[in-house]
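In structure tokens, one chain follows: the form predicted on its own.
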């Protein structure tokens, strides 16, 4: 296709007085993208705007250059795996995928054959004829993915598709999705777990509080972890002395010592973990300090988003 895959221009979605998406602007070319953020960040709202299930209060949403709301032609190009459970418990997974595929136009026999093909592709060949009520959460996730790809879309929008899958299931679904992208198709996948998306794509959009905080590759996201405020723990001898040295050199903004399991631990609050990590080896050597362990306490997406939000509000 020519032109961008997705365009969002100053999009805001309100639920009464609650903000779901807040002044969101992005332009995505065809490819695979991970929408990453903590629970409640606005990921599902954004995906529902892309599928046309929601209409923004302000701003403009375009997918394949068109408004997705009530656009049947666009829906024929888009597969959607929702985060919620919308399966009929009394029917089989195969019947459910067949029925939804028929809504796109294929006659029953063609839809049945394609549904079976997709169920086998996602590893449901032994359970496709059982009632959905007997499925585990992971089996339901696989079935939802099968229906999302059954009508051969060129874009799949996936809301937490790995939720409920064991490690083997996640690896299998990642392989299916990677093959889908390698065939020239596009994916937008939402998750609050960075490594799940990192196995599929190197392109990320970080969202929190309905706002786009940052975007880029996995390396750039990880770089943010080192360049935003973080908390570091050091298990060492003379922790109070080391804390004083680091404060004197203005490498940390605070230092305190706690006792845990009989060991004294130095807790450091730093504005830039990279600067501290660069300087620390030389300081340790110069002052003959024995460090047993060093860990970053809050090396997580939630901590990263919290730090970015504080920077955004001017609190750091």
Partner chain sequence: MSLVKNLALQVLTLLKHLWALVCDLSGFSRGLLAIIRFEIKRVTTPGRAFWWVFVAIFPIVIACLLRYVVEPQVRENIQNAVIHQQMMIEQNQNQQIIVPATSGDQSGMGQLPPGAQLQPGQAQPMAAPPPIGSNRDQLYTVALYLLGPSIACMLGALLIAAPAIASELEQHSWIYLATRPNGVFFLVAGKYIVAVMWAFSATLIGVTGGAMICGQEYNSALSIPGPQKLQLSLSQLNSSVGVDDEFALTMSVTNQSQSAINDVQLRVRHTYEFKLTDLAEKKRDNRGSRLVESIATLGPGETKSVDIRILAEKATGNQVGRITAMMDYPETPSPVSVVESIQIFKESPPTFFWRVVILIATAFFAAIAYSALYLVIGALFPARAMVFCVAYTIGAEGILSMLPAVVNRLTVQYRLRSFLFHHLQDGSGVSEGVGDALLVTGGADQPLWILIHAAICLGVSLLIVLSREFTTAAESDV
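As the structure is a prediction and not an experimental result, all values here were calculated from the model. Positions refer to the first chain, counted from 1.
The same protein has a further form, the form predicted in complex with its partner chain, not shown here; the description that follows concerns it.
Asks: Since exactly one of 113, 199, 193, 87 fits, which has a heavy atom within 4.5 Å of its partner chain in the predicted complex?
Replies: Spelling it out, the residue with a heavy atom inside the cut-off is 87.
Asks: Which pick from 75, 245, 181, 121 sits with a heavy atom within 4.5 Å of its partner chain in the predicted complex?
Replies: By the 4.5 Å heavy-atom cutoff, the listed residue in contact is 75.
Asks: From the candidate stretches 28-36, 50-58, 250-258, 269-277, select the single one in contact with its partner chain in the predicted complex, where contact means a heavy atom within 4.5 Å.
Replies: Comparing against its partner chain in the predicted complex, the contact stretch is 50-58.
Asks: Report yes if any heavy atom of residue 100 sits within 4.5 Å of a heavy atom of its partner chain in the predicted complex; otherwise report no.
Replies: Yes, residue 100 lies within 4.5 Å of its partner chain in the predicted complex.
Asks: Taking the shortest heavy atom distance, is residue 147 within 4.5 Å of its partner chain in the predicted complex?
Replies: Output for residue 147 is yes: heavy atoms within 4.5 Å of its partner chain.
Asks: So in the predicted complex, does any heavy atom of residue 105 sit within 4.5 Å of its partner chain?
Replies: Residue-level check for residue 105: yes, a contact with its partner chain.
Asks: Please check if residue 91 has a heavy atom lying within 4.5 Å of any heavy atom of its partner chain in the predicted complex.
Replies: Close contact exists here: in the predicted complex, residue 91 approaches its partner chain to within 4.5 Å, heavy atoms only.
Asks: Would you say all of 42, 62 and 215 touch its partner chain in the predicted complex, counting a heavy atom within 4.5 Å as a touch?
Replies: No, because 42, 62 and 215 lack any heavy atom that approaches its partner chain to within 4.5 Å in the predicted complex.
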